[in-house]
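Only one chain is shown below, in structure tokens, and it's the form predicted alone.
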């Protein structure tokens, strides 16, 4: 056993799990009418209802003992203090500094980074105001009407998710496009809809060497130059988020249109930085700063609030409870707001790239579950798709339901109907339907005898399926900032407790390395035999089928 699984706090939870397994949430609610009040928290218009979880007051106490055993509060202080807690890369972890107010002081290696953050934010304001106001124009003097973000991973998912989520605040004069896949179809289908004279490209790559991003950027550059018949057009139609000024200059990008970010900003935590430039262009810099302010409000809450009332800490420990003590393998994210349609995909990277690890901070293989698979779709579409599995499948799948109190698009009874479905799903997952209830329901429908008995098992719902409900007044920039930061800090709590480094991602490297070796072989015309039989077969089939070799 590892030190963690052999620890008193862990073993106390193992014993408690056996007790909880004999109870149901139906019984818990029946025994305690004040359960909602005890297991819900509020912050700035955001409500977390975690009462529909397989917990009692004792469960929560034991989970927080595990958090304190791991010294979560000390680790929080270390992160906010700029210590290099990303030990495998020797870096600080300071996405929180990106939303710190002007005048704050946060140091890395003895240097206050807040002035640098706000220098870049000021640069973003000048650029976004210029594009939105029409003082920055294209090569032929026309105002920009389309913005194409070229990036991958956090450089794509973040701006895409936030731009879609905040569409009600977006400019009617700008159309946003996001190209991330190296599949040429992504760029080709995007450029079909564009006028080169009114298109601005933003290339997001810290080193300006990311293979997929640079391949798309070079093809976009060729498309622009071919249609405008001028290499000089690149300087007006391209901006970059990068630290490699030599490479961006060689590409032809005006140095004034290159935006910096720092090695203490991880890719999946970077939408708060210049990586968020497409968002600032779309919703305006005032709204982008409200987005940052929402995240900062959650930062303060996380940093200053005792664990018992700390939203990220509670959500993080509930995730560990299900993954490690109930064997849950996945977590569903179910937003009942169409504008949050990309939120599950964003969390997939945030959570699975952060905590999808098999070794602890000392490099020892762990003997406990780390990260659950994250997945989901907006309601109510998902109800007619995968909710069957949530209700009656053989696996326990904890789920987060997110919904706004007020819709941006009031229309008849639509929003009340949407929320009725959201609340009903959490109730149904908790209550289920007993055999006795199902029997009575079928009898009321006129079924009897063998017909009733045959259908009865299909009508039984086990219930006792855990959910969190996150309700917010309205999906605005401040609220979205709070939500994203909430999940960031949830991930951090889980990483600390599970003794893993949440801020590296070595697991993405091997495939990239092998792809680099394979590419010359796919571009060549000779059969290969240097790989395993399957990979050799795939490469050679491609070479023959594409007409590159007849052998």
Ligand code: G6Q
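Numbering follows the first chain given and starts at 1. Predicted model, so just to flag it, every value in this text is computed and none were measured.
The protein also exists as the form predicted in complex with glucose-6-phosphate; that form is not presented, and the subsequent description refers to it.
Enquirer: Decide open or blocked for this chain: glucose-6-phosphate is absent here, so superimpose its site C-alphas on those in the predicted complex and check whether 3 or more ligand atoms come within 2.4 Å of a backbone or C-beta atom.
Expert: Result: open.
Enquirer: Considering 377, 146, 353, 186, which brings a non-hydrogen atom within 4.5 Å of glucose-6-phosphate in the predicted complex?
Expert: Of 377, 146, 353, 186, the residue with a heavy atom within 4.5 Å of glucose-6-phosphate in the predicted complex is 353.
Enquirer: Which one of 205, 199, 425, 273 is close to glucose-6-phosphate in the predicted complex, taking close to mean a heavy atom within 4.5 Å?
Expert: Only one option qualifies, and that one is 205.
Enquirer: Should residue 512 be classed as touching glucose-6-phosphate in the predicted complex when contacts are defined as heavy atoms within 4.5 Å?
Expert: Heavy-atom contact with glucose-6-phosphate at 4.5 Å: present for residue 512.
Enquirer: Are any of the heavy atoms in residue 154 no more than 4.5 Å from a heavy atom of glucose-6-phosphate in the predicted complex?
Expert: Judged by the heavy-atom cut-off of 4.5 Å, residue 154 is in contact with glucose-6-phosphate in the predicted complex.
Enquirer: If you check in the predicted complex, is residue 508 within 4.5 Å of glucose-6-phosphate, heavy atoms only?
Expert: Yes, residue 508 lies within 4.5 Å of glucose-6-phosphate in the predicted complex.
Enquirer: Contact between residue 267 and glucose-6-phosphate in the predicted complex at 4.5 Å, heavy atoms?
Expert: Residue 267: contacts glucose-6-phosphate in the predicted complex.
Enquirer: The chain here is shown without glucose-6-phosphate. Which stretch in 103 to 111, 417 to 425, 325 to 333, 345 to 353 comes within 4.5 angstroms of it in the predicted complex, by heavy atom distance?
Expert: Residues of 345 to 353 come within 4.5 Å of the partner.
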